[in-house]
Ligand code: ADP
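Taking the form predicted alone, here's one chain by itself in structure tokens.
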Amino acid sequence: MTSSSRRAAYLAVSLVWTACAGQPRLFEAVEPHMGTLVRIRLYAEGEEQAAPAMHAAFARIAEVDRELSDYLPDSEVNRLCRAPAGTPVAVSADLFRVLEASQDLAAESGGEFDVTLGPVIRLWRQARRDGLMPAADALKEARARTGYAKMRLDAGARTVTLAQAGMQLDLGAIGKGYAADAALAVLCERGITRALVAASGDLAFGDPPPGHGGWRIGIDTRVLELRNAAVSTSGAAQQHADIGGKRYSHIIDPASGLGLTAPITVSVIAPRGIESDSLSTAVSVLGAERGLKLIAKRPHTAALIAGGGRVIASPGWPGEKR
């Protein structure tokens, strides 16, 4: 996007909470990043404060995308995957932070969250395009190149070592949440604390709008009012493969290498997007009973799980039924 078209993307005030002089005004902008449309809403004194902050926040998201995307051939994560097996590779602070959080959750979930599933995920992307199941031999070979235990992190040196050739990391289940966190941090550095960043189903919230207790959003039949938190929703509504009369989710079960077939939608509220994004995927794989046990271990975290005709809210899930 050129600088002129980026400036044109900034929308002038769409809502003014009060007509009193000196009160912050609402600004909103949307840009394409990370394979989706990212929306930022913020309160600022005027366009001279809002526009540069928007530009910086979107630039930060683009930076994170260049580091984490497996779709960009020369992204940092793809360069890491092309390094010789067994070689420690120094990585950026962003990539290390995301991989460290991924490995922590992988261990905590018993391997049900695994960012090394890239080879299998790529097969299922092709399956969605073709409407055909991945070949059994191809799936077996791809699964042989996965496993979170094959990735080693050295926090002191900030290096990552992939133990096997042909490994491919896929950070799609954690990257957007992290990018939303990063954009929100940039806005805060510029003195804008009343903001919301939405990257598809991953939303990060700062301080609430003037005169309100939080940012109001609807999930299932409930209205939530959130501040200084994040919420993510995972499910097969948008990305799935319909093959042989069965619907396979884009969320892969590491144990089988197959897309989930049980209908489940998971929303997670957590302190940060990097947590809500990854946990919503982990709970989808774990299922309601095991997923709720995982959520219970995390402070200030709650989940809403819908599937099989039931809706289950964990203790601490906020909101009133509409």
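Nothing here was measured: the structure is a model prediction, and the numbers come from that model. One rule holds for the numbers: they count along the sequence shown, beginning at 1.
Below, we turn to the form predicted in complex with ligand ADP, even though it does not appear here.
Enquirer: Out of the stretches listed (217 to 225, 107 to 115, 185 to 193, 142 to 150), which one is close to ligand ADP in the predicted bound form, meaning heavy atoms within 4.5 Å?
Expert: Correct option: 107 to 115.
Enquirer: Given ligand ADP in the predicted bound form, answer whether the residues Ile121, Gly172 and Gln239 all have a heavy atom inside 4.5 Å of it.
Expert: Yes, each of Ile121, Gly172 and Gln239 comes within 4.5 Å of ligand ADP in the predicted bound form.
Enquirer: Is Ser267 close enough to touch ligand ADP in the predicted bound form, meaning at least one heavy atom pair within 4.5 Å?
Expert: The answer is no: Ser267 has no heavy atom within 4.5 Å of ligand ADP.
Enquirer: Within a 4.5 Å heavy atom cut-off, is Val285 in contact with ligand ADP in the predicted bound form?
Expert: Yes, Val285 sits close enough to ligand ADP in the predicted bound form that at least one of its heavy atoms falls within 4.5 Å.
Enquirer: I'd like to know if Gly257 sits close to ligand ADP in the predicted bound form, meaning any non-hydrogen atom pair within 4.5 angstroms.
Expert: Gly257: no contact with ligand ADP in the predicted bound form.
Enquirer: Given that the partner is absent here, does Leu162 sit within 4.5 Å of ligand ADP in the predicted bound form, heavy atoms only?
Expert: Although ligand ADP is absent here, Leu162 would stay clear of it in the predicted bound form, with no heavy atoms inside 4.5 Å.
Enquirer: Which of Ala230, Val77, Val98, Ile252 has a heavy atom within 4.5 Å of ligand ADP in the predicted bound form?
Expert: Spelling it out, the residue with a heavy atom inside the cut-off is Ile252.
Enquirer: Scan 189 to 208 and note down the residues that get a heavy atom within 4.5 Å of ligand ADP in the predicted bound form; none is a fine answer too.
Expert: Sequence-ordered list has one entry, Asp202.
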